[in-house]
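Quick heads-up: the structure tokens below are two forms of one chain, split into structure 1 and structure 2.
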Structure 1
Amino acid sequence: MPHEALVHEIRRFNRFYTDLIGLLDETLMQSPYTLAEARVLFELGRKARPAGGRAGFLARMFHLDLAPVASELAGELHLAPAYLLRVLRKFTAKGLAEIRDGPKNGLRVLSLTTRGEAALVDLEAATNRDLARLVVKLEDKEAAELSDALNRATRLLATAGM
């Protein structure tokens, strides 16, 4: 099969890339958060609205509630519910996040506090700084090529995976 070579290429890339992001993870470890905690923080930032926050106009109109429910987050991050809860407890204890009862009771709606958003901004700044240091050596043309390569890879792997 002609795909066998591709399999080996992917594994080679895997080794390479895993090593690379391993370096970035180290900076993440400098932060007061576990890898899992950092992922939760990121995902909350991507999906949650602030505690006091109003839903956006469209969101209200079409009942698109983007504030994530605990189980939803657990599913997306592949975290055991019990463990996610511990992480969230830690966050609430530090005043970074809030857990409130949702409209459908029994469900819990998650949100970042202002302080949580600040923490997220800090964390993103740190990882961005690291990545920036990594790519700063690239010529503009190379940067464009890398961007293109990553997009292609994503698109192809995604169509393969679904």
Structure 2
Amino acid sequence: MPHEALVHEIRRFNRFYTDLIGLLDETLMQSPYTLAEARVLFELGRKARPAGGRAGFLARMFHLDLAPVASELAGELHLAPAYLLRVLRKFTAKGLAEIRDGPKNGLRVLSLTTRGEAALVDLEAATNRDLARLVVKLEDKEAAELSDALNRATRLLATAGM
């Protein structure tokens, strides 16, 4: 298959899948979060992020202590740092994330609060429910076939991306 045709097929599948799961809707999985916000919530839930040393009152007031975290995380998520900084400000304002003393050397970290962790659990549960509804009607053989296809696509694209 020519690469141009393969690109067309991948894009066709992407459009089909994003429409199927409502990925381009204003919010993800009927949650209060956009896709980008959900990705940030997941990443903060996965691991705390270094936030540097102690920030002064004005730096905290204007959320300047979030800028180093936003810059690093933006690179990982391929988001604009300014946009990510707005998301982090929103999360801290809503009590979903906070900068606190880390476990080592007095370094501060940005991590989810208990409220943020609960929001992440709710979001992941909703995502799992929605995806389960997609596959519930598949027979065992079809489910295994889909799993094999997803694993094969992941392996092939990971190898090609190296």
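This is a predicted model, so every value here is computed, not measured. Structure 1 provides the reference sequence; residues are numbered from 1 along it. Think of the rigid core as the biggest set of C-alphas that the two forms share within 1.5 Å after superposition.
Remark: structure 2 matches the stated condition (the form predicted on its own).
Taking the rigid core as fixed, one finds a CA shift for residue 155 smaller than 2 Å between structures 1 and 2. Superposition on the rigid core between structures 1 and 2 places the CA atom of residue 10 2 Å or more away from its counterpart.
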